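We begin with a single chain expressed as C-alpha cells, specifically the form predicted alone.
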Amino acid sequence: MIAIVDYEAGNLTSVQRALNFLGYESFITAEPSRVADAERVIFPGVGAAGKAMADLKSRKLDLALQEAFRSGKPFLGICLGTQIIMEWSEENNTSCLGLIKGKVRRFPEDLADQNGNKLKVPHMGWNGVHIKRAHPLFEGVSPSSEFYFVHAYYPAPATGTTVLGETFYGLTFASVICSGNLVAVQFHPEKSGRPGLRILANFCQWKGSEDA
C-alpha cells in the first residue's frame, strides 16, 4: 500500500486519482504510524516551505519521513516535496528535512531565456527534462517528453551525484533528484499526461534502487 503524506500542502487528491487510474491502492494520511506501515511513500505538495515544515513538525511527520528514507522503502517527492527534502530553503528561511545535502534557491527576478527575453517567475508550464543516466523511474519515458512545472524555487543539491535530471528555465536546475531509495521530481507527474503516469506506474513497481 502507498502512503500519500498529508501536511496541508495541497495537491493530494490529484495524486491519488492518478494512482487509482493506474490501478494502485493508496491512502492519504497525516499519521506517522501509517507512514511507517506503508510499503512506499509519496511526499507531494503545493505551498510555502515555512508553513509546510511547521505542519510536518506539529504532526511529527518530519521524523516519520526521515525514518521512511532511512528504512529503504521507495520514496517519491513531488514539487514542494522535492524542495523540503533538502537541508534549507530560501523560502521563509526554512530549515528542512535534510534527506539530501543542499539548499533551495529562488529564481532571480531578472531571469531571461537564451535570447535575452525576460521569463516569468514562477516557472509555470511545460518543459523538458534531460535525464543524465538510466533509472527505473524513467523506464519507457521518451527523452523528448515534457512535464508540467509550477514553482518559484528550485533545489540545488550540494553534490552532482544526486542530480538525475536537469531542466533549463533561464538557468539549468536540478529537476530530478535521486539518492538510493529516494527519487524526487520538481514537476507534477500527476498533471503531465502519459509520461507522468508512466513515471508514477514505474514508481509503484520500483524496488528502491537505481538498478531495480
Partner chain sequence: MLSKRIIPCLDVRNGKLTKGIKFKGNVDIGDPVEMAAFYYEEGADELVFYDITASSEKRQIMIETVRKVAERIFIPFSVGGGIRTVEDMRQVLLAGAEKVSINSAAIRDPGLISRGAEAFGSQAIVLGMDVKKVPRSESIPSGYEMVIDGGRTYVGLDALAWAKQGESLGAGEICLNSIDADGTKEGYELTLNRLIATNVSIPVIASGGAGKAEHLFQVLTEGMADAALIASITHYGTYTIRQLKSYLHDKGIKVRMNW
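Because the structure is predicted, anything quoted here is derived from the model rather than measured. Numbering follows the first chain given and starts at 1.
Quick note: we don't show the form predicted in complex with its partner chain, though the next part is all about it.
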Even though its partner chain is not shown here, does it sit in the model of the complex so that D113, Y169 and K191 each have a heavy atom within 4.5 Å? yes
Should F173 be counted as a contact of its partner chain in the model of the complex, where contact means heavy atoms within 4.5 Å? no
Hey, in the model of the complex, does A18 get a heavy atom within 4.5 angstroms of its partner chain? yes
Looking in the model of the complex, any heavy atom of A134 within 4.5 Å of its partner chain? no
Find out whether any non-hydrogen atom of C204 is located within 4.5 angstroms of its partner chain in the model of the complex, and reply yes or no. no
Have a look at 99-107, 85-93, 68-76, 116-124 and name the one stretch with heavy atoms inside 4.5 Å of its partner chain in the model of the complex. 116-124
The single option of A156, V46, A36, I28 touching its partner chain in the model of the complex, heavy atom within 4.5 Å: V46
